[in-house]
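Single chain ahead, written as C-alpha cells, the form predicted on its own.
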C-alpha cells in the first residue's frame, strides 16, 4: 500500500489558485510543460524571505550578503560533490542563461559557432543566434543499454568546423542523464585537443537519484578547470527560479583575472532576495530537498507504470537526475495529422507539454514533461492523454 505524503493533498484547484505561470498560462490544461515544482518552497526559505521583507533587506545587494552566498555555495559544493572552490571565484548572476550570455560575450572567441548536444534546453537555440553565432547540433547516440551518450566524434567534427564553445548540460535537460566520470573525462580530451571551452550548465546538480552521482565537470582535473565556466543555482532544486539568482563559478585563472573588471556585469541582474534564498537553501534546505527527491523518485516509477498500462506506445527511460521526463511518442498511431504531438495533446487532452522539436531536430516526435507534481496529477495527465489517443484510433 502506498504511503500517503503531504504532497498528495495538493489539488489542481490549489495549484491554479496560487497563480503560477505554469498553471495560469493555459488555465484549462493539466500543466506539465515548464520546469517548476508543484510543491511550494522549503519553510526555511519562506522564513528567510519574510525576514528580508520585515528587516527590510530589499535594496541593492550589500557585500556581506554576496559574500555569504558565495561562502554557502562553496560549502554546498564541497559537502555534496567534494568540490572546493574559493568563494571569491563564485559570483552571483541572475540565472544560468544570463551566465551563458556573459560567457559568450566575454570569454568565447567572437563569432564562433556553439556546439549543442541534442536534444537540448530550448533557450540555448534562441540566445545563441541572437549573439551572432550559429548552433551546431550534435545529436546524442544510443549507447550501452540504449542509454543516450554524447557523440564524441560528432563533437570533434564540430570543433573542426570552427566551434569554440560546447554547452554541457549535466544533469541533462531534457534527457535526465547524469554523466559518469569516464564519459566526462572522454569529453574533456576532445575539448582540450581542439582548444575548446565548456559552458557547464549544472543547475540540476542537486537533483539526482539513487545509483547516480553528479560530478562537477570542472572538478575532474586541472585540464577541465582550465577550459570551463560553470553555472549552477538553487533555483530548480528548491523551486525558486523567480527570485533571479544563480552562481557563476570561475576556475580558469585568466577568466578570474578578468572578473576584476567584469564582476558587476555578470552580477547586476541578481536580486537580493534571491541571494538570501540561495544561501538558505544551500545551508539549511537539505531536509526539504531529500523529501522532495524521494517523492519524485516514486513518480519516476509511477510514470513508467502508467504509460505501460494506459499508453504503451509512448515510452521513456526514467531520468537519472532532474524532474524532467523525455517521452518518445514516435510509436503512436498516425492520428495527429499535421499537428505535433504537443499540439495534439493540448487540443485533444488539455494537457500542456513541450514539443520535443523545440529541443532540436533530435527531439522531433518526442515530448518533454515534468515529474514534480502530485502523483494524482501525474495519473490524470497520462489518463487524459490515453483517452485522447483512444478517441482517434
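Being a predicted model, the structure only gives us computed values, none of them experimental. Positions refer to the first chain, counted from 1.
Beyond what is shown, the protein has a form predicted in complex with a small molecule; the following relates to that form.
Query - Partner contact for residue 272 in the predicted bound form: the small molecule, 4.5 angstroms, heavy atom - result: Looking in the predicted bound form, residue contacts with the small molecule do not include residue 272, since no heavy atom lies within 4.5 Å.
**Report entry** 4.5 Å heavy atom contact, residue 35 to the small molecule in the predicted bound form
**Finding:** The answer is yes: residue 35 has a heavy atom within 4.5 Å of the small molecule.
Query raised in the report: Is there a heavy atom of residue 280 no more than 4.5 Å from a heavy atom of the small molecule in the predicted bound form?
Result: Residue 280: no, not in contact with the small molecule in the predicted bound form.
Query raised in the report: Using 4.5 Å between non-hydrogen atoms, is residue 219 touching the small molecule in the predicted bound form?
Result: Close contact is absent here: in the predicted bound form, residue 219 is far from the small molecule, nothing within 4.5 Å, heavy atoms only.
Query raised in the report: Going by heavy atoms within 4.5 Å, which of 96-104, 302-310, 152-160, 287-295 lines up against the small molecule in the predicted bound form?
Result: That would be stretch 96-104.
Query raised in the report: Quick check: do 91, 263 and 267 each get a heavy atom within 4.5 Å of the small molecule in the predicted bound form?
Result: Contact check failed for every one of 91, 263 and 267.
Query raised in the report: Here the chain is shown alone; which of 114, 169, 207, 197 has a heavy atom within 4.5 Å of the small molecule in the predicted bound form?
Result: Filtering the options by heavy-atom distance leaves 169.
Query raised in the report: Ok, 175, 165, 248, 203: which has a heavy atom sitting within 4.5 Å of the small molecule in the predicted bound form?
Result: Contact residue from the list: 203.
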